[in-house]
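Shown below, as structure tokens, is a lone chain in the form predicted alone; questions about how it binds or moves come after it.
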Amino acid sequence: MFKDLEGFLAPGSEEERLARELDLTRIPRHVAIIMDGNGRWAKSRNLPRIEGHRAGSKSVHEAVETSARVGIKVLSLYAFSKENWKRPKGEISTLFRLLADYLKKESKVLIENDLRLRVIGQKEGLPTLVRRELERVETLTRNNQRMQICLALNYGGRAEILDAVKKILNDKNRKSDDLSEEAFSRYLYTAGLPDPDLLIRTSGEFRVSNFLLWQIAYSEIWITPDYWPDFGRKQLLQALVDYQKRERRFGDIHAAT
């Protein structure tokens, strides 16, 4: 697998050193990222907030490519929460325009690299044009298998759990006595996906911000002070190296095998 990083990482660089530290048999299957700090990144440079979002889209591209090259199977990105609707309308409008532009440019890249896009969240609440573009790319990539990119849009962890409960109540074939944690997971937006092994948060904030509340029960958490636009392959590799140094016991006294 290291051949997938050749030519991608500069020889002798910090990134190459980190990549060589990785145990290729212990790459996390699912990495989730709370992409935070676009606005503060722009403010620190006396730029409009939207410039932070533009810069952040480049970090998305780099995170996706690096994740695919190291062998991660699922990458979940927290792009727009239900609470983000409180932001100025102009900023929201520009954000969704940037997203639509990104999808148009990147859909060919996703297909060529066997990457699948999957949107999680209340999609019906998204602007119509953006929703159609998302559905187009989801359909185009639905059979791709190298890695799934889960884009969380109009997403809230509590809303996801409530939506799952509503589905269960409407499922006339479901009896409460046989409802297990595994069965409940099948009603979530992430049905069929493994829970995140690693949760990354940028901008140095110590909170999970209503993201994948059910799924991250046993996730390892890695926090970087870097704002999202400054997050690149080096930070992702640092997170993976740190993850592999931890013992995951899942409540047991022995590390899981």
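Nothing here was measured: the structure is a model prediction, and the numbers come from that model. Residue numbers here begin at 1 and follow the sequence given.
What follows is about the form predicted in complex with ligand FPP, which we do not show.
Enquirer: Tell me which of 179-187, 139-147, 78-86, 119-127 has residues with heavy atoms within 4.5 angstroms of ligand FPP in the model of the complex?
Expert: Among the candidates, contact is made by 78-86.
Enquirer: Looking at 193, 35, 68, 27 here, can you tell me which has any non-hydrogen atom within 4.5 angstroms of ligand FPP in the model of the complex?
Expert: In short, 35.
Enquirer: Using a 4.5 angstroms cut-off on non-hydrogen atoms, would residue 57 count as touching ligand FPP in the model of the complex?
Expert: Within the cut-off, so yes.
Enquirer: Hey, in the model of the complex, does residue 228 get a heavy atom within 4.5 angstroms of ligand FPP?
Expert: It does: once ligand FPP is placed as it appears in the model of the complex, residue 228 has a heavy atom within 4.5 Å of it.
Enquirer: Using a 4.5 angstroms cut-off on non-hydrogen atoms, would residue 74 count as touching ligand FPP in the model of the complex?
Expert: Flag for residue 74 set to no.
Enquirer: Going by a heavy atom distance of 4.5 Å, is residue 151 a contact of ligand FPP in the model of the complex?
Expert: Contact check for residue 151: yes, within 4.5 Å of ligand FPP in the model of the complex.
Enquirer: Going through 232-247, which residues have a heavy atom within 4.5 Å of ligand FPP in the model of the complex? Please give them in sequence order.
Expert: Contacts from 232-247: none.
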